[in-house]
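A lone chain, given as structure tokens: the form predicted alone.
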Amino acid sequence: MSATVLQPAVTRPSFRTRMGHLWEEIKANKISYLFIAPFLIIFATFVIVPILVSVALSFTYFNMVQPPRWVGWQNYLTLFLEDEVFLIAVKNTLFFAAITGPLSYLMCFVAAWLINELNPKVRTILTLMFYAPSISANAYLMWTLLFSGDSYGYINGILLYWGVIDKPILWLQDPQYMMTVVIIVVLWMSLGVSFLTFIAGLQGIDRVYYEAGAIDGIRNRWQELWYITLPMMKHHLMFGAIISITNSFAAAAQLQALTGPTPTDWATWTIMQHLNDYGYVRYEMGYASAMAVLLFLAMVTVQRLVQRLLAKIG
């Protein structure tokens, strides 16, 4: 019978030991940390600290006048057990994000990929044409004219002229159509930062990689896309995904501009609108902070899932 060899138990270093190693590393590279200190200070001040404060306030009642009063989990319980409008907002937000997030992300990449190989002048003109709607402050005006609920609205006028309908449709007031219309408008305006990011990523790929791929057996554009383009653009793809996730989950201004501050039957009411209502209108900052924390956790969860999917590319 062979003797059993006992392996020494592997012990993880204590927290104090890890902090000691970290401090030693900081001292050894103090010049490098000194250079990034301004960014770290700004990032901590305007990102980390507000997140921590929001988490703390979510467990309090805070009306901006009196000091915060600890209420524990009451805000979260109220959100899910008593606030029916919030539940409607959750359903609308998830539906809106599930459609606009992936579609806008895909549209940004496909548009960037298709125009990337064009003549530089043509590419510049098309990039400007695609990007312009996302920075046009009055872009909603055109859509409110198109989908106006009276007979003077262009869509209603055309449908009435063709005999498709016999009376005008209230596109932006009827819950049956409201969400569809705002999704169409948001998708039309979605070729923004993600689109420019993908253009930059595609332009940054050296042609030598495609030549080497052709030698190694890549025979068509789809193989180039999967084995060369996408793996070389993982950081750009991740950044674009973060932008798309943030825009889809935090949508508020676009929907409010189209369907008004209080949409019919809350048909296009989102979590961000509900948060703004309690935070900037009612000044119930504790309750609003609870919504902000839940929205933040949802976006982080989706971002982690997307990150795992992108890691499998190539």
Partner chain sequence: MTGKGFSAMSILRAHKVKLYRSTTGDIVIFSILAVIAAFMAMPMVYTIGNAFKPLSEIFIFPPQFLPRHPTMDNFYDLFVLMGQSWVPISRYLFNSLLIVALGTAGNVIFGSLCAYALAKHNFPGKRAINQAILLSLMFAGAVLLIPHYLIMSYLGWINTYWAIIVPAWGATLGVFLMRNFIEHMVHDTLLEAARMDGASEWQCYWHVVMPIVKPAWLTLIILSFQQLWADQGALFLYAEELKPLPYALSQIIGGGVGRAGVAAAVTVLLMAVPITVFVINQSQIVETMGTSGITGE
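By rigid core we mean the largest C-alpha set that fits within 1.5 Å across both forms. Bear in mind that the values here come from a model prediction, so they are computed numbers and not experimental data. Numbering follows the first chain given and starts at 1.
The same protein also exists as the form predicted in complex with its partner chain; that form is not shown, yet it is the one meant from here on.
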Only one of 81 to 89, 96 to 104, 166 to 174, 144 to 152 gets a heavy atom within 4.5 Å of its partner chain in the predicted bound form; which is it?
-> 144 to 152
With a 4.5 Å heavy atom cut-off, would you call residue 133 a contact of its partner chain in the predicted bound form?
-> yes
Would residue 257 count as touching its partner chain in the predicted bound form under a 4.5 Å heavy atom rule?
-> no
Is there a heavy atom of residue 22 lying 4.5 Å or less from a heavy atom of its partner chain in the predicted bound form?
-> yes
Does residue 18 make contact with its partner chain in the predicted bound form, using a 4.5 Å heavy atom cut-off?
-> no
Only one of 183, 71, 159, 218 has a non-hydrogen atom within 4.5 angstroms of its partner chain in the predicted bound form; which is it?
-> 218
In the predicted bound form, the residue from 273, 289, 248, 268 with a non-hydrogen atom within 4.5 Å of its partner chain is 289
Quick one: which residues from 17 to 53 get a non-hydrogen atom within 4.5 Å of its partner chain in the predicted bound form?
-> 22, 25, 26, 29, 31, 32, 33, 35, 36, 38, 39, 40, 42, 43, 45, 46, 47, 48, 49, 50, 51, 53
Quick one: core overlaid, is residue 73 moving 2 Å or more at the Cα between this form and the one not shown?
-> no
Rigid core superposed: residue 152 CA moves 2 Å or more between this form and the one not shown | no
Once everything's superposed on the core, is residue 95 shifted 2 Å or more at the Cα between this form and the one not shown?
-> no
Explain in one word, closer or farther, how the Cα atoms of residue 22 and residue 53 are placed in the predicted bound form relative to this form, where the distance changes by 3 Å or more.
-> farther
